[in-house]
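Listed next as structure tokens is one chain, alone, in the form predicted alone.
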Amino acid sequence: MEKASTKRGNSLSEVRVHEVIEVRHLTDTAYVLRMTKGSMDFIPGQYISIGKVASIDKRDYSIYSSPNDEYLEVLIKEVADGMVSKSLRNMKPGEPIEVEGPFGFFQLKPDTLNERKHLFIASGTGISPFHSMVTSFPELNYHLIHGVRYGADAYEKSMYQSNRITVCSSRDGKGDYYGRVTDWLKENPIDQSTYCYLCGNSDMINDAFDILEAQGVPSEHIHAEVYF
């Protein structure tokens, strides 16, 4: 799943050449690409544009790793007609890769980190920025709702506290909840003081936004990042 085009947070960001460290396969189609971090600084929730050196084909991916890590990671799902997602999957340790960024404004509000409950709602690889946020702020009060087709697609679920993640699988009963994230939201009304962050496909985001507003969550407490 590739990130939709959004307004760049820094249009003058330079293109850097990093080095591939490893490709970690999660499922038949999803993988984590780990690269050297270099001097890059970023805020959890931001994204980067990556591609092979000298190639005109680049794609935007939310950063999966934490700023505290000594490496840089992105979570990628290979798609049938995705030239970049296929080529990056086959990269070998030591190969150079072009990285531009970071970009974006999808990030936690500093004044809410210790005082408010956070609800993270993701579909598919939209879990990526939340992985970065959770690993960056281990004391964060959050609940992560991850919508997938099959329970096996719950990427690296074991790294989250079991009481803080609910996997909603729509095509089998191998998640924590059998159904879509929107079904879960309807059955589990959200406290109006919660800060809600949505990342994934546009249909899920639009439906979840409407449900949250109907439950009384103020629109200024709902933040979204759209993927294709």
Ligand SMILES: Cc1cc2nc3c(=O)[nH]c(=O)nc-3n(C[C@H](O)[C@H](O)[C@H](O)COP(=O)(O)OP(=O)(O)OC[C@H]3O[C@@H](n4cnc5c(N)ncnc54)[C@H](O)[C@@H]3O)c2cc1C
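Bear in mind the structure is a predicted one, so any value in this text is a computation, not a measurement. Numbering starts at 1 and runs along the sequence shown.
There is another form of the same protein, the form predicted together with the named molecule; it is not shown, and what comes next is about it.
*Asks:* Only one of these stretches, 92 to 100, 78 to 86, 114 to 122, 132 to 140, has heavy atoms within 4.5 Å of the named molecule in the predicted complex; which one is it?
*Replies:* That would be 78 to 86.
*Asks:* Taking heavy atoms and a 4.5 Å cut-off, does D60 contact the named molecule in the predicted complex?
*Replies:* Contact with the named molecule, yes.
*Asks:* Even though the named molecule is not shown here, does A224 get within 4.5 Å of it in the predicted complex, heavy atoms only?
*Replies:* A224 lies outside the contact set for the named molecule.
*Asks:* Any chance Y197 has a heavy atom within 4.5 Å of the named molecule in the predicted complex?
*Replies:* Contact check for Y197: no, nothing within 4.5 Å of the named molecule in the predicted complex.
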